[in-house]
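Given as structure tokens, the chain that follows is alone and in the form predicted alone.
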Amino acid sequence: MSKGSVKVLSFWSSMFGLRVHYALDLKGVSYEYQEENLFNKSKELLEANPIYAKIPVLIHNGKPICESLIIVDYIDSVWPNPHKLLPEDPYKKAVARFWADFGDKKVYDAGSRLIRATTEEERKKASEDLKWALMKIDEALGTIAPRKPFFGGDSMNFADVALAPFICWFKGYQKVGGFVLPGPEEWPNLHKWVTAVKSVEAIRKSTPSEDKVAEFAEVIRKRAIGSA
């Protein structure tokens, strides 16, 4: 499936970058990948995203698109097949966008604070916030798509693509922050969703090793402690 040249500038473990990989891979779009050094960013990245100087960046036919959810939306518009990630129904579209945004504001925020916590009080608060956020996702899955594996029902949609990258960080949250994910008896919908996401070939294609991510989480924590 080709609509010109496609290039992705990102970092291997970035949740935000993984969203772009997942969307492109689900659509079957071929693309060039450029790994970025976050401490020595390339000239191409700085020129493509001069405002924030952050990954990920999608460069399509020489034109840069920035910010992960905006990129996923763009990909869905340019390559609508094999199925749309954003539902056509206005309400369902709004719900998908809400949970994608929830991932940024609640899951990412709590997980980031957990890894970087320098005191027991900070760690405990971040762990509680992360548990609350994931509990809300479990509840939402049961309400939005009862008895279905994904937010999108039988296939992944915009919310799934936005939230799925956090899965490979669960082990890091546990190893570095002591976070314990409740089992399937307590959160059946979340565990069903995680299993379903991991079974999708397009997702497995770009997802890094959970052990490798956990090791990287330790690096982040050591840097946070060292700068505290």
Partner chain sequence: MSKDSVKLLNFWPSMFGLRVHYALDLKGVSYDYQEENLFNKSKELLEANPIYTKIPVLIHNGKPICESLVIVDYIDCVWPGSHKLLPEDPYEKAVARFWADFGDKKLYDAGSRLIRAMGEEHKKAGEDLKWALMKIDEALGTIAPGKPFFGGDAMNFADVALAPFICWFKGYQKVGGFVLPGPEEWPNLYKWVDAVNSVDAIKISTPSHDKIAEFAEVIRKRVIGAA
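Residue numbers count along the first chain shown, from 1. Bear in mind that the values here come from a model prediction, so they are computed numbers and not experimental data.
Just so it is clear, the following notes concern the form predicted in complex with its partner chain, a form of the same protein that is not shown.
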Have a look at K106, K131, K148, R123 for me and say which one sits with a heavy atom within 4.5 Å of its partner chain in the predicted complex. K106
With heavy atoms only and a cut-off of 4.5 Å, decide whether T119 touches its partner chain in the predicted complex. no
Test of understanding: in the predicted complex, would R113 fall inside 4.5 Å of its partner chain by heavy atoms? no
Check whether V78 has any heavy atom within 4.5 Å of a heavy atom of its partner chain in the predicted complex, and answer yes or no. yes
Does D154 reach its partner chain in the predicted complex if we count a contact as any heavy atom within 4.5 Å? no
Even though its partner chain is not shown here, does it sit in the predicted complex so that K171, W193 and E215 each have a heavy atom within 4.5 Å? no
Report the stretch among 49-57, 182-190, 195-203, 36-44 that approaches its partner chain in the predicted complex to within 4.5 Å, counting heavy atoms only. 49-57
Which residues within 72-97 place at least one heavy atom within 4.5 Å of its partner chain in the predicted complex? D73, Y74, S77, V78, P90, Y91, K93, A94, R97
